[in-house]
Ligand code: ATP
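One chain follows as structure tokens, the form predicted on its own.
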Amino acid sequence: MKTLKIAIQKSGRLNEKSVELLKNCGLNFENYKSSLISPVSNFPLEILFLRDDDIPEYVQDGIADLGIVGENVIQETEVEVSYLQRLGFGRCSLKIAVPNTENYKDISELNGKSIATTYPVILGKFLKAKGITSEIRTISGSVEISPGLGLSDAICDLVSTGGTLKSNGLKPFANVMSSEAVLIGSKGSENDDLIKELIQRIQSVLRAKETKYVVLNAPKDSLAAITALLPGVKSPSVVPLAEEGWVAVHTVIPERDFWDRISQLKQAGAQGIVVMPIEKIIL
């Protein structure tokens, strides 16, 4: 049997979540903090630990079959890869930020200005689409200090909480793109049976993370109103209780709807609501 290779970030903001995801898929591997390659003992897979900038090209060139990397890196490197699964972590935005002292009202005011960034490709395409001509200054490292040093009029950088911008006297001005971690593969890789199996594992973990398992007691005369609030994976499971006229209802609730749905269930007559995390959901 062939062995797949998946490339993930060796260090940085996506490393911990990528490792956690793979382990939650039931993959056993060790020594990932001190190795460039870590074999998985219970699945035909090797994990490569790379710089995030290198991951898209490794996948495009077939050195790695799969990769976990930020969407911003994929767009910046302009590689030809397939998006196999959005992973829901590492969310951030690439934004243009300007000094707090500036009072720009419209993005057209960036015409003739200089913008420092580590993402010249993405920024260049964005400005071109907006019909704006700015001087793009490509730098590495601490982009946010550039305006304060007189190196640029604005910056374009990744923003998660905005704390770094604020501490450097900057404010967001325009959103260039939103990004999150993505599972990528070489073109056509989605047709590989082994890759399909790994993607199924990943999807089962992601579905479980987005839902809660709920068990509740309900009087039979309230059952129709309660089950109407509970979609379940297909539909809720209803089990008679020893006490006459009562049933237990088992279902799953999307995390985003959790508290609103719980309140609605109580109003409809549900009692003894027990909520539990789900490890995996396989459809």
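Start at 1 and count along the sequence shown; that's the residue number. These numbers were taken from a predicted model, which means no experiment stands behind them.
From this point on, the text means the form predicted together with the ligand, which you will not see here.
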Check each of Leu183, Leu123, Leu170, Val73 and return the one that places a heavy atom within 4.5 angstroms of the ligand in the model of the complex. Val73
Of the residues Ile195, Ala154, Val79, Val159, which one places a heavy atom within 4.5 Å of the ligand in the model of the complex? Val159
Just one of 90 to 98, 183 to 191, 146 to 154, 209 to 217 has heavy atoms within 4.5 Å of the ligand in the model of the complex; which? 90 to 98
Whether Gln85 contacts the ligand in the model of the complex should be assessed with a 4.5 Å heavy atom distance threshold; does it? no
Heavy atoms within 4.5 Å of the ligand in the model of the complex: does Ser179 have any? yes
Touches the ligand in the model of the complex: Arg51 (any heavy atom, 4.5 Å): yes
Look up in the model of the complex whether Gly269 has a non-hydrogen atom within 4.5 angstroms of the ligand, and give yes or no. no
Taking the ligand in the model of the complex, which residues along 6 to 26 bring a heavy atom to within 4.5 Å of it? Gln9, Ser11, Gly12, Arg13, Leu14
